[in-house]
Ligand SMILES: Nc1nc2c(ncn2[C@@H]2O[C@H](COP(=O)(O)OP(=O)(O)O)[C@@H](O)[C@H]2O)c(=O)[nH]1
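Quick heads-up: it's one chain on its own, the form predicted on its own, in structure tokens.
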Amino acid sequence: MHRDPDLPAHDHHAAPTGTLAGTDMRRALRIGLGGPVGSGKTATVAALCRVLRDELSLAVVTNDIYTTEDAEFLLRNAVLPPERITAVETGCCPHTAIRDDISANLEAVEELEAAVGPLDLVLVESGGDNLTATFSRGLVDHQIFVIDVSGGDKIPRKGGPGVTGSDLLVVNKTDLAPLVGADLSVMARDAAAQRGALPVVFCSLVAPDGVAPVASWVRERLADWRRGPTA
């Protein structure tokens, strides 16, 4: 696990600054991906890397409790060079390492920036958790929450901070809807009721260009980041 007990504690709830520590260089945009076990977070990260790697300088931090399985999946699939993928072993529920004590993840992100930077984008993937998993705004600038249709169309109306407050809600595995009896129109209605104006995209990562709506959203956030804060 990337953590040194002698390091000073970070302010876990403050918004991350826009520059690299100790420099005046613009740091990478940080986007977190969370969601329940099996929803397709790692597959989404892999698909984003394949689509964006030729146009952006990017890196990935994964979180697992006692293994580095998600990072190993990304490495096996060669979505990025090995030096651009690192893993955090949380040793506890994944949400604690992305929301409560973010030191290990911050260290991992900063090490990647120092080793292979400058970077445009860092994707931070949480280990599989539940509908309560959210990222500290001291760690990431935006959060994507991934759910899937295999649990039925009730998931959006169950709510939870991931569903209601994430910057983008991704409803994945739409190809399975007929097999599990899920009504995508019901999911869209309930997601809109829970989220108001916050965006929702439906996708199937097994389809050609299935990640396209997510990638478009990421590009828009990066364009906003590059423009800097508005007055």
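Residues carry their position along the shown sequence, with the first being 1. All values derive from a computational prediction rather than experimental measurement.
The same protein also has a form predicted together with the named molecule, omitted here; what follows describes it.
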Could you tell me which stretch in 49-57, 158-166, 189-197, 171-179 has residues with non-hydrogen atoms within 4.5 Å of the named molecule in the predicted bound form?
171-179
Does the named molecule get within 4.5 angstroms of any non-hydrogen atom of residue 62 in the predicted bound form?
no
For residue 205, is any heavy atom within 4.5 Å of the named molecule in the predicted bound form, or not?
yes
Test of understanding: in the predicted bound form, would residue 32 fall inside 4.5 Å of the named molecule by heavy atoms?
no
Given that the named molecule is not shown alongside this chain, does residue 43 nevertheless sit within 4.5 Å of it in the predicted bound form, heavy atom to heavy atom?
yes
